[in-house]
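Coming up is one lone chain in C-alpha cells, specifically the form predicted alone.
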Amino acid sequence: MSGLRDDEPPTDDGFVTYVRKRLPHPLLRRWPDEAEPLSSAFGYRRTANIRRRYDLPGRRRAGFLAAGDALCTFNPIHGQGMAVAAMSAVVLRETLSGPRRIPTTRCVQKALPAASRQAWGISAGSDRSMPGAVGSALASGPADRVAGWYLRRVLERYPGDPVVGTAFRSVLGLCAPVTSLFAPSVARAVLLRPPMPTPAEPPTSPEEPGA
C-alpha cells in the first residue's frame, strides 16, 4: 500500500482499515479479512531516489568502492532494489574477473552505474511529477517531453493491449531494455491503435478472459 502527503498507510492496528478503504474491489478487500498476519506492518517513510556519482572524476581514498544502496537507492514502491543489487553483483563479478587487465577500484566504480541506470530512469522519471519533488532529475528538455508523450500513450494501452503490455511489464521488471518499448510492433500499437478495453471486473477463475 502507498500514499502521498498526509495519506501514508499506518503501521499500527489501523493498517487493515486503511487497506479495506483503499482497495477498489470487494474481492481484493477480502484478502486482509481472510489472511493471517505473520508480522506487524512496516512503513517506509524515506522514499527519495538518490544516486551518488562516484564514477565521475574526483578525489577518492585509495581502495574506495561504493556499491548497492551506497551508490543508488530507489523509492521502494517501484520494487527495484533487490533486482538492482543482483545486477550490480553480476557487474562486480564480471569486472573483477576480466582477463585483459588487473581491475582497479576506479575501473569497477565506473562499471557499476550500468546496473542501476534503467531502474534509475524508471524511478526518478516516474517520481519527478510528485508534489514536492526536488533534485537534478527534475530537469527536462525537448527529448524528455517527446518521450513523456510516448510513454503516456504506452500507459493508456498496456492494460488491454497484449503487445504493449508484454513489453511494458518486461521493461518495468528490468528484464528487457527500454528500447523494447520502441520496437516496430510496439510502436505501431502505441502510435496507431486506440486503447483496447480491459475487463471491468477481476476474473473469478483461470478460464475467464483476462485471467
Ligand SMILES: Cc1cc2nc3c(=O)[nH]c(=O)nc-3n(C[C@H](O)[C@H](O)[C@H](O)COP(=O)(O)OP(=O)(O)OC[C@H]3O[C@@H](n4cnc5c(N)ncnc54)[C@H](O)[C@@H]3O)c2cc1C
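Since the structure is predicted, the reported quantities are computational estimates derived from the model, not experimental observations. Counting begins at 1, following the sequence as shown.
A second form of this protein, the form predicted together with this ligand, is not displayed here; the remarks below concern that form.
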Original post:
Considering Ala139, Met82, Val134, Ile102, which brings a non-hydrogen atom within 4.5 Å of this ligand in the predicted complex?
Top reply: Met82
**OP:** State the residue from Pro162, Gly173, Gly68, Gly148 whose non-hydrogen atoms include one within 4.5 Å of this ligand in the predicted complex.
**Re:** Gly68
Original post:
Any of the heavy atoms of Gly121 lying within 4.5 Å of this ligand in the predicted complex?
Top reply: no
**OP:** Classify Tyr44 as contacting or not contacting this ligand in the predicted complex by the rule of any non-hydrogen atom within 4.5 angstroms, answering yes or no.
**Re:** yes
**OP:** May I ask you to state whether Pro76 is within 4.5 Å of this ligand in the predicted complex, using heavy atom distances?
**Re:** yes
Original post:
Looking at 60-68, 24-32, 153-161, 175-183, which lies within 4.5 angstroms of this ligand in the predicted complex, counting heavy atoms?
Top reply: 60-68
